[in-house]
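As a starting point, one isolated chain is supplied in structure tokens, in the form predicted alone.
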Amino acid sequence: MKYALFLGCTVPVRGMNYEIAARKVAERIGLHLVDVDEFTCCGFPVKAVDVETSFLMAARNLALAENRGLDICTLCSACTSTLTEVNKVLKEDEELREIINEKLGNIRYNGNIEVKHFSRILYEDLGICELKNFIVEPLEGFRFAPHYGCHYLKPSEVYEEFDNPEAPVSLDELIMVTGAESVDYTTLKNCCGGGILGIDENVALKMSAKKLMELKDKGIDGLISICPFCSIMYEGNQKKIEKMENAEIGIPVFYYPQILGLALGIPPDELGFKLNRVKPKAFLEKLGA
């Protein structure tokens, strides 16, 4: 399987461990991720102020991949949502598609492309049963809490309802295929707050704090993220949240490919754990033991 890898804006700057682990995992299981140097911002932050420009930005990226005969693999959930929604709208609206194509100039979008999050590719295109065949170092005895986030599953009609946003299971099953336990909890479906961080940091941090404060007494080995901005909220801002709540939290936040990589037999040093902001010292010691 071959995909154009869409990194977006945040991953190369603040989620390098995500990219490192995803590339290592893809290599191990036979996914060929192709870099497209001309890719730019997906258009997500522009939509609130200029829908047409955001569509044009997204369509250009879609066209770049389509012209190479490749579907797109994304790592960021917001990028996934934006590109998938624009792809769906332009496929169905021929008039708008032609307007966009006129503005694209020397490249053209024809609607012959699909966009999928890396986790969805693992879950749906490769499949849990096939993925299980690659597991050589099961993470038995480890307990992880999944965080789905908002843009991975919603709007569900854009994603062809591949998972139920009100009762999701895909990330839980991806965790369990590693041999680890996926822990249920009441704030599972809560938003990380990242969408309003630039508007009201206090409210955003309180949203993240609610989940972290519930999980700190669950005895988990880590929170599993599949979105760089969710990780910024739960990991990058964890010290701020500890200060705000006057509580020690200390929950490591892992990108899913990091724990999958371990189960595939890839050494921790090759999965970017040194770049994790909440240092997973106890986790790595337990892993070594």
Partner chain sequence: MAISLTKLDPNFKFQVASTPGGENITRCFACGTCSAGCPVREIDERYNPRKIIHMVLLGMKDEVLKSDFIWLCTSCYTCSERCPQDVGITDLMTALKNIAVQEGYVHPSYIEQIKALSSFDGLYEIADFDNKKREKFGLPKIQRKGEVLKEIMDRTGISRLAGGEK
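Positions refer to the first chain, counted from 1. Because the structure is a prediction, the values reported are computed rather than measured.
One more form of this protein exists, namely the form predicted together with its partner chain; it is left out here, but the text below deals with it.
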{"property": "In the predicted bound form, segment of 233 to 241, 217 to 225, 43 to 51, 250 to 258 with a heavy atom within 4.5 Å of its partner chain", "result": "43 to 51"}
{"property": "Distance check, C150 to its partner chain in the predicted bound form, heavy atom within 4.5 Å", "result": "yes"}
{"property": "G265, heavy atom within 4.5 angstroms of its partner chain in the predicted bound form", "result": "no"}
{"property": "Touches its partner chain in the predicted bound form: E95 (any heavy atom, 4.5 Å)", "result": "no"}
{"property": "K206: touches its partner chain in the predicted bound form, heavy atom cutoff 4.5 angstroms", "result": "yes"}
{"property": "Single option in C191, M176, L131, I121 placed near its partner chain in the predicted bound form, where near means a heavy atom within 4.5 Å", "result": "C191"}
{"property": "Contacting member of V169, I196, M213, I99, with respect to its partner chain in the predicted bound form [4.5 Å, heavy atom]", "result": "I196"}
{"property": "Within 10 to 35, the residues that have a heavy atom no more than 4.5 Å from its partner chain in the predicted bound form", "result": "T10, P12, V13, R14, M16, E19, I20, R23, D35"}
